[in-house]
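Starting off, we have a lone chain in the form predicted alone, written out as structure tokens.
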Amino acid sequence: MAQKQAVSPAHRPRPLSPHLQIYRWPVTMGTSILHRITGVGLSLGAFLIAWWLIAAAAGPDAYGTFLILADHWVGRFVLLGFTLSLVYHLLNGIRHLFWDVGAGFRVRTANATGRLVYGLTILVTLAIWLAGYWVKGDLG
């Protein structure tokens, strides 16, 4: 009868899980993480909306200050991030509504709809910004 020998921690077999250099995130993992991040971004963006409304109610001087900061490239970059977050969270939320009724759970379908949400997010955000510049008169 063979006896079991204790294995020291230094001589344990290497883990079998994939290494970070070869592991690839599934599409659904990326969409889930990004959905949570955009939710936090939208919560922070709510403060910007509150600032905008308070500045509008406070009068022309306060609103003028807001407009100067919002029209700066940093302000536009923040607004672009807020728009991306809003569009992504909306589209991925619609995807989740389909999941709530039991549709789209096959791996192939879930991956395809995740990629569709990524692509539509970029297209819809671009369309919103182009429409905004067109209404503003900056597109010629």
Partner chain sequence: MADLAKSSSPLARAQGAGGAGHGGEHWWAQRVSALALVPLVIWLLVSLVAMVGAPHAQVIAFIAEPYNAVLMVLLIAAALYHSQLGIQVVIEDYIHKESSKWMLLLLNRFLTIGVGAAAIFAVLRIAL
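Only a predicted model underlies this, so the values are computations on that prediction, with no experimental measurement involved. Residue numbers count along the first chain shown, from 1.
FYI, the form predicted together with the partner chain isn't displayed, but the following is about it.
Asks: V74, V107, L53, M29: which sits within 4.5 Å of the partner chain in the model of the complex by any heavy atom?
Replies: Contact check passes for L53.
Asks: Check whether P60 has any heavy atom within 4.5 Å of a heavy atom of the partner chain in the model of the complex, and answer yes or no.
Replies: Answer yes; at least one heavy atom of P60 falls within 4.5 Å of the partner chain in the model of the complex.
Asks: Is I128 close enough to the partner chain in the model of the complex to count, meaning some heavy atom within 4.5 Å?
Replies: It does: once the partner chain is placed as it appears in the model of the complex, I128 has a heavy atom within 4.5 Å of it.
Asks: Taking any heavy atom pair closer than or equal to 4.5 Å as contact, tell me whether I49 reaches the partner chain in the model of the complex.
Replies: Answer yes; at least one heavy atom of I49 falls within 4.5 Å of the partner chain in the model of the complex.
Asks: Please determine whether L90 contacts the partner chain in the model of the complex, using a 4.5 Å cut-off between heavy atoms.
Replies: Flag for L90 set to yes.
Asks: Note that the partner chain is not shown here; using its position in the model of the complex, name the residues of 99 to 125 with a heavy atom within 4.5 Å of it, in sequence order.
Replies: The stretch 99 to 125, when checked against the partner chain in the model of the complex, contributes only D100 at the 4.5 Å heavy-atom cut-off.
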